[in-house]
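First, one chain by itself in C-alpha cells, the form predicted on its own.
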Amino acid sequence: MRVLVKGAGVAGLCLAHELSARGAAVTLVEREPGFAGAVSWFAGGMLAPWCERESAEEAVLTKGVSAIDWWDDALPGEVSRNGTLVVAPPRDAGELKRFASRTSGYEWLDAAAIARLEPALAGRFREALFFPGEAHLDPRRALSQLRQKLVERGVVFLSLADSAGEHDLVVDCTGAARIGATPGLRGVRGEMLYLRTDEVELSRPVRLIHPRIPLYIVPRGDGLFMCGATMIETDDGGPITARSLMELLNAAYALHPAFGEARLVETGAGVRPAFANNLPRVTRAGQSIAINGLYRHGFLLSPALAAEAAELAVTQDLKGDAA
C-alpha cells in the first residue's frame, strides 16, 4: 500500500511511524522544512492525561494514557517520567481543590513534601497535587528525532513543490490549514516563551493554578524553561501579544521570583485546530483519511489517533484487495 501523508507536524509523523510499521510505503509532504510551519514546534510536550482531564472530556484520558509508553518505545531515552506538580498560591487554595475534584491519579502533598520533590519551590506553597504517572518530553527533539527515524525506515519526505506520484491513499494531517475548509474546525491560539536562568532548577512540569493567568513551566535542561498556557479563540497566528507576554512573565514570577531576572530567549505563537467539543477526529471519505482537531493535545493524542487511522487504512486496503 502506498500512502501519501500531508503534513509533517506531530500527527503526520506519528501516522507515518504507524503506517511504516505496518508495511506501508509512506511519502510525507511537509509545508516548510525544519518544522517552521508546524504548531507542534511550540508545544509544551507534556504527556499529562490526568491533568488535562481536569478541563477535557474523558476521552482525552482514555486515549492519552498510552502516549507515554508510545513515545518511550518510539524514541527511547527521550521521555522523562517524573510526573507533574500542580500548585496554587494560598489565596487560591480553593482552585486547587476544584482542580482535584475534576480528575484523578494524584497525591496531595504538604509543604515539606513539595520541598523534597522540588527544592526550588521550598517554602513557596502550602500544598500541591502530584501526578506521579505523568511525563514530558522536549517536542523539538522529539520531532527531529522521529523524522530522522522515519527517513532511516525509508519514508520519503517531499516539499509542496515536489511531485508526489501515484498513491493508494491520501491522509490529511495539515491541522489548522484546514480551517475554513473542514466544517466545524476553528482555531485556538496558543502563545509561549522560553526563559533561561541558572537560579531555578525543576525536575518536572509545574502548573500554577490562577483564576486569571494559569501557567505551566516545563524544564528543558541547562537552565532553559518553556512557559505557556494561553488559549485564545482566534485563528490569528501572528507574534505574541504584549498582554500575553506580560501575563506569562507575571505568572512565572509568581511561581518563583528568580524568573524575574531570567533571560527571555524566545517567544512564539501557533494556531491549534479544534472542533466544538475540543476532541480530535479521524474521518474517511473514499481514498482519503483526515486527522484533525487535536487542539492542545498534539503530543498526548497523536499516537492514539495515528494508530486508529493506520488501522483504518490497512483494514480498508485489505478489504479492497479481497474484493
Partner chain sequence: MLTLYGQELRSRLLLGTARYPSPAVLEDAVQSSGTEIVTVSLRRETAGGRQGGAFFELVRALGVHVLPNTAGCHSVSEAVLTAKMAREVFGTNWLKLEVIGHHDTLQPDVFGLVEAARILSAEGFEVFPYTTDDLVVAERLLEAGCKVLMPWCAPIGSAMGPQNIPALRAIRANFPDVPLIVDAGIGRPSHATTVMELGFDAVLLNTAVAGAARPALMASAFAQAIDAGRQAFEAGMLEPRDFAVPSTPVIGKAVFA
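Numbering follows the first chain given and starts at 1. Bear in mind the structure is a predicted one, so any value in this text is a computation, not a measurement.
Missing here is the form predicted together with its partner chain; even so, the following discussion is about that form.
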**Message:** Residue-level question: is residue 243 within 4.5 Å of its partner chain in the model of the complex, judged on heavy atoms?
**Reply:** yes
**Request:** Answer yes if any heavy atom of residue 211 is within 4.5 Å of a heavy atom of its partner chain in the model of the complex; otherwise answer no.
**Result:** yes
**Prompt:** Should residue 236 be counted as a contact of its partner chain in the model of the complex, where contact means heavy atoms within 4.5 Å?
**Reply:** yes
**Request:** Using a 4.5 Å heavy atom cut-off, state whether residue 204 contacts its partner chain in the model of the complex.
**Result:** no
**Asked** Of the options 72, 172, 138, 247, which one has a non-hydrogen atom that comes within 4.5 Å of its partner chain in the model of the complex?
**Response** 247
**Prompt:** Just one of 32, 261, 57, 266 has a heavy atom within 4.5 Å of its partner chain in the model of the complex. Which one?
**Reply:** 57
**Asked** If contact means any heavy atom within 4.5 Å, which of 23-31, 285-293, 62-70, 271-279 contacts its partner chain in the model of the complex?
**Response** 271-279
**Request:** Kindly confirm or deny that 79, 81 and 196 each have some heavy atom within 4.5 angstroms of its partner chain in the model of the complex.
**Result:** no
**Request:** Would you give me the residues of 80-110 that have any heavy atom within 4.5 Å of its partner chain in the model of the complex, in order from first to last?
**Result:** 91, 98, 102
